[in-house]
Every structure is written in C-alpha cells, then in structure tokens.
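Presented below, as structure tokens, is a lone chain in the form predicted alone.
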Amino acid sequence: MRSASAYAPGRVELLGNHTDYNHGVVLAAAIDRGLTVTGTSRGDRSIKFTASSPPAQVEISLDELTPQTAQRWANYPFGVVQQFLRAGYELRGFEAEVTGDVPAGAGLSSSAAFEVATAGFLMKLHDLWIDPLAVAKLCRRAENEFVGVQSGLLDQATSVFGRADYLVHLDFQTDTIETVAFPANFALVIADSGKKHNLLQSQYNTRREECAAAVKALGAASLREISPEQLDRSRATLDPVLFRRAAHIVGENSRVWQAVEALRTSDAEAIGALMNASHESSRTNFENSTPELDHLVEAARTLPGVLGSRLTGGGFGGGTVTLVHAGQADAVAQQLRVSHSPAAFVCRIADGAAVGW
C-alpha cells in the first residue's frame, strides 16, 4: 500500500475577467488558502473520495466513471481521474480525503484547487511526471468535459504557477506565463458576498456562447484580435448585447496590459483605478455582477486606504478583491467583516502547487 498527499491553492483574479477562454490576458495570484488531497492505494479498481466539510463520501469503479448528480462535488476529482486514464496513464484504485480552508462558492476557485491537488496526488501515488502546463490543461479539460463548465485555463494555471509575493501574468493566446512583483506596502483583502456562485448553474456558459457569437459577427479569430477602435466602429451594426459582451473582454485585455506596466513602476493608484473600471464593466457590459457584490465593492471603496475594488472570478455571486495600503488592510477587513461580509480576510499571495517534478 502506497500513500501520497498533494496541496493546491485557490486563486484570486486581480484583472482579466472572462478573458481566458477568449485568448486574452489575465493578472491573478495564488492565495494562502487551498485544498489538500491525501490518501492510499488499494488492491482493486475502486476509488473513494471523502470530504471533511461538509462530511460526504463517494465511491466508484475506475471502469465506470460517470458524472455524479447527487454529490456534484465529486465530479471535480473524478473528472481529473478520467483525464489521466484518457491520457494513457495506468491508475490503481485508491482512497482519498480532501481537506482545506479555501471557501467553496466564494470566487476563489476551490474547484480548480481540488482538481490540481487531485492531479498532484495521482502523480505522487503513481510515480508520474507531467509538465506543469500540461497538468493545468488536463485539469481544465476535466472541468469542461466531466463537470460541464466551459471555463478557460485561468484558475488551474494560477493554482499551478503561483509565486509568493508575485502576480501571475497569463497570456492565453501564446500560453506564456510571467510573474510580476506585487507592489510593496500594499495588500489584497478578499470578501465573500454570501451569495454562493455555481458556474454550472449560472450564466457562465451563456456568456461564453455570447462571446463566441460576437467573434463570429465581427469576423475575427478571437476577441483578443479586436482593438477598442475596431469594436467602436461596429457599434451600429453589432447586436447591442453582443457589443457589450465584447466591450467587456476588449476592455479587460487593455486593463491587464496597462496594469502590467503600472506594476513595473509600482503605481498602485493606477492599478486600483483599473480595478474599479473593471468592476463597472462587469456590472454594465458583462452583467455578471450581483447586488451583493456591488454593495461590497461600494462599501470597500469608502474605507481609508482602499485604492480599488472589484468582483473576482466568474461572478454571478462569489467574492470581491480590494487593493489597499498594507498598513490599513487589517482595519479594512475588520470593517467589512463587521458590517458587510463575515468572511472578509487579508490575502497573502502564495506559492502555487508543487506539481510537475
């Protein structure tokens, strides 16, 4: 019997909302909360996953992997197992438990952390080496094909490639990954809106379809190829809804590029302004914000030391990320906890998962 354990962090998206599946760019960071998958091999073809909070357990045969309808949480690790098998890796049966402290449904990608931790666990348990980017893509396919959420690569790639005190600049057209130092003397505060988001049951897939329709109407390869000036010239002919969806993606790419330049000069004020503009675009153009998220963002912006605030993640619920002077971060988190979000906390930018030995 062999034992293994693997950890993967959640992530926070600073800028680049829904740009990943549009071949765009993102600024994100791994956070100091995540999930650990621990377990042992067994002598048959069965696999069993146990969750500690809330308590749950699902067992299935490696030869009969099918999506679960009653306990959907198990689809994230089962999907990863299926992708390992499809890639030709020989797996043995095992029992595993998932534990951790990244909250589910808060926009911090607990699902990707679960997928990446499962992949790391399988690699250790079976003595496998897989390239880190390939690990991220395998986990993304599990979410697309087994879970049914047509997400991009942002969540899994950030969980894999995160670096302490650095933001991850991801380019999903070229699959290039760069880390950029986070400004000294500043911090991020995460706040849970209390409205849990479920990307499978939200309008996430619909937004992806609308983006694809905008690409087709504009005659482009992707929204990455469209400049703000080109989009503006299409305003009179493009369906108004598709125009707004495209405007959000085109604007987000521009905001990421501007933020990368601002990071190189530690211009946190500029980054905060870009975050504010991003949330306004989410609210009006992409319509993936909610009253709860808007309320949190507006409340944070009134507090001393805050430079900018926006929703983080897919939206339709979840949480917000706020850029704040480090010396006032604890006070901002405390103020949000008392009056708006019991789950507000100061986020430490952490290392990604240890996969790809």
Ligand code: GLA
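Bear in mind the structure is a predicted one, so any value in this text is a computation, not a measurement. We number the residues from 1 along the sequence you see.
This protein has a second form, the form predicted in complex with the named molecule, left out of what is shown; the following refers to that one.
Taking the partner from elsewhere, residue 152 is found to have a heavy atom lying within 4.5 Å of the named molecule in the predicted bound form.
The closest non-hydrogen atom of residue 204 lies within 4.5 Å of the named molecule in the predicted bound form. Although the partner is absent here, residue 24 lies well away from the named molecule in the predicted bound form, with no heavy atom inside 4.5 Å. At a distance threshold of 4.5 angstroms between non-hydrogen atoms, residue 313 is in contact with the named molecule in the predicted bound form.
Residues within 4.5 angstroms of the named molecule in the predicted bound form, judged by any non-hydrogen atom, belong to 154-162 and to none of the other stretches in 259-267, 121-129, 154-162, 181-189.
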